[in-house]
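Have a look below at one chain only, the form predicted alone, in structure tokens format.
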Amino acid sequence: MTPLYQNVAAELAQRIAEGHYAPGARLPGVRSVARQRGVSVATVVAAYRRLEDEGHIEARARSGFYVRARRPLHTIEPQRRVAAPRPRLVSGQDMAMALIKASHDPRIVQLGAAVPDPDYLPTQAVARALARVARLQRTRSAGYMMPPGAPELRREIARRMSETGGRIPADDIVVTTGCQEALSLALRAVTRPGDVVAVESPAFYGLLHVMESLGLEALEIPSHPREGMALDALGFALERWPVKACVVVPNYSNPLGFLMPDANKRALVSLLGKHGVTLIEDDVYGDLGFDQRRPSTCMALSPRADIIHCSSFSKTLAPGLRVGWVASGKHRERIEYLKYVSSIASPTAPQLAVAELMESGRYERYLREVRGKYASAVARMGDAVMKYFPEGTRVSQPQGGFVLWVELPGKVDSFELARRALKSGVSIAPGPLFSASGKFRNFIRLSCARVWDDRLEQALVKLAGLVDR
């Protein structure tokens, strides 16, 4: 006779397979299921443990049980671990501007720009915080908040960084207008036009834009889709070229979504330290892991190393707030000066509003809620791509964030695909945007932070048809 808990587990597994519980969704509480099915709490606990052992669900501390993201069958394979033959000046990023302009057109299904749909953002909480600032700090919010920025915001950022082991004083934090400006200031602080900067490959195209504007040469280092920058290839590059800085996104990179293991982070910092190279750490997705545990940063693991840490609230609270920051010890004065001459100051009211959201605990509560939504959105998009796209398609397996990196059958030109897709009302990001040398011709990046409806699904069907043709 089959034990009762196995029957309960089998029924729940069937409901998960049929889509009653989406990837990332929280399962009903143990006591609730026990009452509904007329069984003991111990029976339900045993059933949940069996489902966990079989890989259907995962337990999250003090939160409950959640459906695990389904893994498509065909995943992106690691690149061959060799460094690029030579550094290259970054150019040819014109397509990105067309992509950015398309993101403002309501007639276009937005799968290109990595900007969350408002349904994924705490818009009401942000609006209330801004209203309180306008009402209670009217005079202060109307004036300049000179660099390094609002002291209460810098204190809150320092406190959060300390929770991942990063003991950095609030005085070492400079508030910026988003992470893009943070990266720009970091690069300007340690490089000059013509210098060589090592970057991940594929790399976030916004970083490549900044490098193009600064006249820097990109040295592309292959990235493993699950572990990050190939350190053997980086070591080879450092021996051969006069690298001045290295930019990485170790936590849930854009576009691959990998989480670099702590051992690799330490090895990366050690390798750069031996060659006297500054590490610029972009942690903009660090709060959006599918696991409830916030991953470590390179700065936290190696507090005495030459690291400039960049991040922002654009992917979590609201892109329009444009609140970011740079954390760095030895480079702080230079960055603070560059911030002043670039834009004098970042807007005051958004800084004060973000500080209030953090201090009140609303920011943390929001993060606990949204991580499962992003895991579900990425899994659903990956499933749809594998369902509709032609044979030979492969997808990444992100561990956080909300973008999907898709490898299309070899002869597909993603630039041409992007042009045709845009004419058909669908925006995507073609792979060559993520490379200084125009690699990844048959790759695209899709943003998954969209409300799933018939319009979105039909857009994917339409896109799959264009790929097939």
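Computed from a predicted model, the values in this text were never measured in an experiment. Start at 1 and count along the sequence shown; that's the residue number.
If you look for the form predicted together with a small molecule, you will not find it shown, but the lines that follow are about it.
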Query raised in the report: Heavy atom within 4.5 Å of the small molecule in the predicted bound form: which of 286, 178, 148, 350?
Result: 178
Query raised in the report: Which pick from 396, 278, 254, 184 sits with a heavy atom within 4.5 Å of the small molecule in the predicted bound form?
Result: 254
Report task. Counting only non-hydrogen atoms, choose the one of 335-343, 315-323, 373-381, 211-219 that falls within 4.5 Å of the small molecule in the predicted bound form. Result -> 315-323
Requested in this report: Considering only heavy atoms, tell me if residue 204 and the small molecule come within 4.5 Å of each other in the predicted bound form.
Outcome: yes
Query raised in the report: Heavy atoms within 4.5 Å of the small molecule in the predicted bound form: does residue 249 have any?
Result: yes
